[in-house]
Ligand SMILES: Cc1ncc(COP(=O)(O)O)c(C=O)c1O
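First comes one chain, alone, set out as structure tokens in the form predicted on its own.
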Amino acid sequence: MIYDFDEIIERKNTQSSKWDNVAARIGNGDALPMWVADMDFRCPIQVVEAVKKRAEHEIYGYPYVPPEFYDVTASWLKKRHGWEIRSDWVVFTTGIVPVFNTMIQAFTEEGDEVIIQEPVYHQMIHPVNDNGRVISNNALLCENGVYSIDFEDLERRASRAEAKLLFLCSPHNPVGKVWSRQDLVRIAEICLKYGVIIVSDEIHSDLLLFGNRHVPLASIDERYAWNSVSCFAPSKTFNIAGLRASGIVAPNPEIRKKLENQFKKNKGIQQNVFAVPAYIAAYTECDDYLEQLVAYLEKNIAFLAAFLEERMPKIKIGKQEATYLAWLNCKALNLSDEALAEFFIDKSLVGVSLGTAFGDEGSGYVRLNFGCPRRTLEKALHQILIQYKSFGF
């Protein structure tokens, strides 16, 4: 089947957080939404049909998670990433964000430290603070737009008795980096050495651009698998985040049992009746959608990069290896973060995510979602260009 990713779909008045909650979330209801990680493409027809079929039953009572959920998760990881797992390693959750909270509650005490690598997905930051734990920021290094890990600093932080967890974003959101096998080995060895459990968020692992390949950290060595949980979901891949279903791989039975017990205490894993049918359809019938989507995203990011280089050279973009979230370096504009927000959101009327949401290292940056039809991306860029020229940049 051929998918039309150029189609403009009206999303206003659909209870869309991205489109109907813009004023509350980014401060200006007139801004074109380019912020949250939610694409403006139809999800695969097979997913739509699975939801319709379940809806036609007309009884929406309490569901349960069937064995097929665990089997299709294992099959997908083997097919897409070459990782053979056992189905009983998989834990159902209603999303990856709840895992961050649950792992903190199950494996740390108040005052313990959780290592993160800013700038990083903000939902890795908030749960640490919300649960009374301490952020240990192993800030990423950046040289000429290329991000890397400060391994010396990572080891120093992991060696502290208070360090209990590392939240790893792989591929990385917001910088779009795909960590190499060598990077992952060094991370895993440091964490093993000091008994720090890795929580690896791999939700963007299917959205690899320009021939890059994702390596699940836990697939490299059984020792790494035993010291980690790996988080996967079809939500970003197939644009079905609102259906709330994720598969968490926890090979270590002790870690898995603690995770499951904490979920039970929190009463936090009650899925909706449409989640699992959609999940199964996505992971078994939609490979063609993913292939076409990645090709479209590659063209979008190439267009975005060329537009900036030719018309707004003071706004820089690094090498985009994965995701549909562009990390724009706006430091050359010499604007404060407050002025940067005004420039994009209030003047250009483009609703970006401000870099400071991803930690202090995000100062001077914004994140822009290019998972949209080309016309939407062009509209956003031209609106920014008008203000860019008016500011005399």
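Numbers follow the displayed sequence, beginning with 1. Just so you know, these numbers come straight off a predicted model, no measurement behind them.
Just so it is clear, the following notes concern the form predicted in complex with the named molecule, a form of the same protein that is not shown.
Shown alone here, residue 203 lies within 4.5 Å of the named molecule in the predicted complex, counting heavy atoms only.
Interface residue remark: residue 121 is counted as part of the site for the named molecule in the predicted complex, having a heavy atom within 4.5 Å. Taking the partner from elsewhere, residue 276 is found to have every heavy atom lying beyond 4.5 Å of the named molecule in the predicted complex. Not displayed here, the named molecule is approached by residue 236 to within 4.5 Å at the level of heavy atoms in the predicted complex. Only one listed stretch (192-200, 88-96, 313-321, 158-166) carries heavy atoms within 4.5 Å of the named molecule in the predicted complex, and that stretch is 88-96. For the options 341, 37, 51, 328, the residue carrying a heavy atom within 4.5 angstroms of the named molecule in the predicted complex is 37. The contact with the named molecule in the predicted complex, taken as any heavy atom within 4.5 Å, belongs to 244 out of 244, 256, 81, 133. No residues of 130-146 lie near the named molecule in the predicted complex, the criterion being any heavy atom within 4.5 Å.
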